[in-house]
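So here's one chain in two forms, each on its own in structure tokens, numbered structure 1 and structure 2.
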Structure 1
């Protein structure tokens, strides 16, 4: 606590001196300069929930992003008071707070996001994917750019940060997952089947992956919609429980069948050799 106060005091004094100096030199300073007087210091950090949270912002990265000309306050409203009056208590709370700002400017995207599973959970204040979880914060670039977290070369990693386990494994092992990993520009990524912002779980009728809509979803690439596209499960792994059960027991069956066949074959050859040896001995 004491350390935090000292830190605040040091930066506050520093800022006041610098603000005074810049104001007297040039009236029209860039609006972000004031914020960067504290936040461009590499070691600038604070303790939150027992962890050290960096408060450093790389202004070069920000200026090269699609939001290079944004004022800080477009995403961080209400921070003009120094020391700040309305601070958050955790990093996740900050992600939730900024999401509300993204939603204001990107109204088109928000029309879809707010009705999605992720968006509904965000509105309820529950753990979910906020805008910055898929896009980043100060480094957002155009989707076509290979550095974009939502570019097709990075989207698997972005979604599986949270959807690990069976979902991630089954996709990476699937035909689509392997092809995308090898650089295919046509095979399905997570968002080709789930959409980018209108993501809903399979039990929601409007979802692109509900039983009724799966054929159409696959048909966007596989010319004709075949009803049997919806019969199997998309995400399955070789496990005795869950959607992979039939494939698991089929694999087990054929594995043991192969082992049994080879064992019998070896026994047969051994017996045959033994008889030939015996017969040779009789002569």
Structure 2
């Protein structure tokens, strides 16, 4: 009888422990579950700046991201009240606010970002790139993942969302750009030259692409990089003026040379056929 009481006591104790653990897990998951009650609905949206902005969050993608175990409050601080009181006035303001929250965990990276051109513009309240612009928002995965926005296969597309036009065109047409597009894992991407977070303009002394530092930057891939590496221009386009002038006229020359060669070849073939036709008629 006493043994049964002891066994029953042990069983009840284990049951209480399991119930308590389950409750703790449920309590820990409660913040995200509460958020996703609204944000997991695909049609959930608001009007901002005259545009319909989706507030939908794919719960599966969120759970598979590097922040899948974080509470929503980690990035979206001050959103405890429902409906939310401390909302922002624009999508870009939200990106800036979340970037401030990134420094809570990524303090070392944040210091580099603040000292970069992007960070300085952000501090001045000007339009610039925030963390979510490069890394994404709810679908952030490790750099090694081919789906990552900052994976070497995607980084050019990510950078050219802002740096479009001549800069994007010049890189895509360059040897580096063509090699990367063809699958090279050694050719330089944007971050190989400009770094990832400590990005500075070419006139900044500490910039990896300043005239003084270009040879050292190139030497990270090219073992025989010389000081004259800084003389040329990486971002040139096929224009009749500027750094791309020699390549422009070289391209023009060989284009017309090819056309002329093909035309003369066709003329030669036609004349040869005409001669053979005339000769055949004499027989």
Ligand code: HEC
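Whichever C-alpha set is largest while still superposing within 1.5 Å between the two forms counts as the rigid core. Numbering follows the first chain given and starts at 1. The structure presented is a predicted model; accordingly, all values stated were derived computationally and were not measured.
Here the chain coming from the form predicted alone is structure 2, while structure 1 comes from the other form. If you fit the rigid core between the two structures, you'll see the Cα of residue 243 move by 2 angstroms or more. Core-superposed comparison between the two structures: the C-alpha position of residue 252 differs by no less than 2 Å. We note a C-alpha movement of 11.5 Å at residue 261 between the two structures, with the rigid core held in register.
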